[in-house]
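The form predicted on its own is given below as one chain in structure tokens.
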Amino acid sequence: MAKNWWKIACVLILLYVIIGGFSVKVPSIGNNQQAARSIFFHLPMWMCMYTLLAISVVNSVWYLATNDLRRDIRASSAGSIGVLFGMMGFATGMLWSTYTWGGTIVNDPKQMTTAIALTIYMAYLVLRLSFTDLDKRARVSAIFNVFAFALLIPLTYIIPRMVESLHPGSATSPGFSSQDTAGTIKMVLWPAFLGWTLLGIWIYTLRNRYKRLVLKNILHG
């Protein structure tokens, strides 16, 4: 029980987020109306993605320094779960844009650059499948992972904030925080960041354990 306290906390926080996300009063911001509730799921997905992809690239660099295949497993496990949450973040964003912008995919720089970033990371996962040699796969994919992470922040955060965009938080569209005078969004959003990130780390640890067992069977089978 003592080791699993954070898992229990994760479940309780997410229950609070899901219930609060659909019941808390949100301010009427432009033409968002009730679609603004997607922020409780959309933004935390990205936060979880950033966290897991950071874990992934750190372990890739660690592998390049030590040639420890366990680091490669951690990098690939965190990378795959990070991409999963990135896809969910992109999907919730498309759902929001359908009701706010009138289209699932629109000519918006944030959507385009994010799609490019996710495509690069999906190429990383496909690249790993193209090798049968464990050491070669680990080394090549680790180098690619460093390259992918170097592009991630500019593509998904820096560039979209510098250009004109429909997306909140861009150079021409203010974010929701300035309209949240009662603080009701923050009451749910900040716990959501923590809850979804903990869930992502939880899934990552499960996948990492499974992949380590697979590696053990390969090396000692």
Partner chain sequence: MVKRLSYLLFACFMLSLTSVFGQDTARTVTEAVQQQNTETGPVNEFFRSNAKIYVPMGILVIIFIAIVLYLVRLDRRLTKLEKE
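Numbering follows the first chain given and starts at 1. Just so it is clear, the structure is predicted and the values come from calculations on it, not from any experiment.
Form predicted together with the partner chain: not shown, discussed below.
With a 4.5 Å cutoff on heavy atoms, residue 220 does not count as touching the partner chain in the predicted complex; it lies far away.
When contacts are judged by a 4.5 Å heavy atom cut-off, residue 14 counts as touching the partner chain in the predicted complex.
A residue is said to contact a partner when one of its heavy atoms sits within 4.5 Å of a partner heavy atom; residue 199 meets this definition for the partner chain in the predicted complex. Annotated contacts: 7, 19 and 210 all touch the partner chain in the predicted complex [non-hydrogen atom within 4.5 angstroms].
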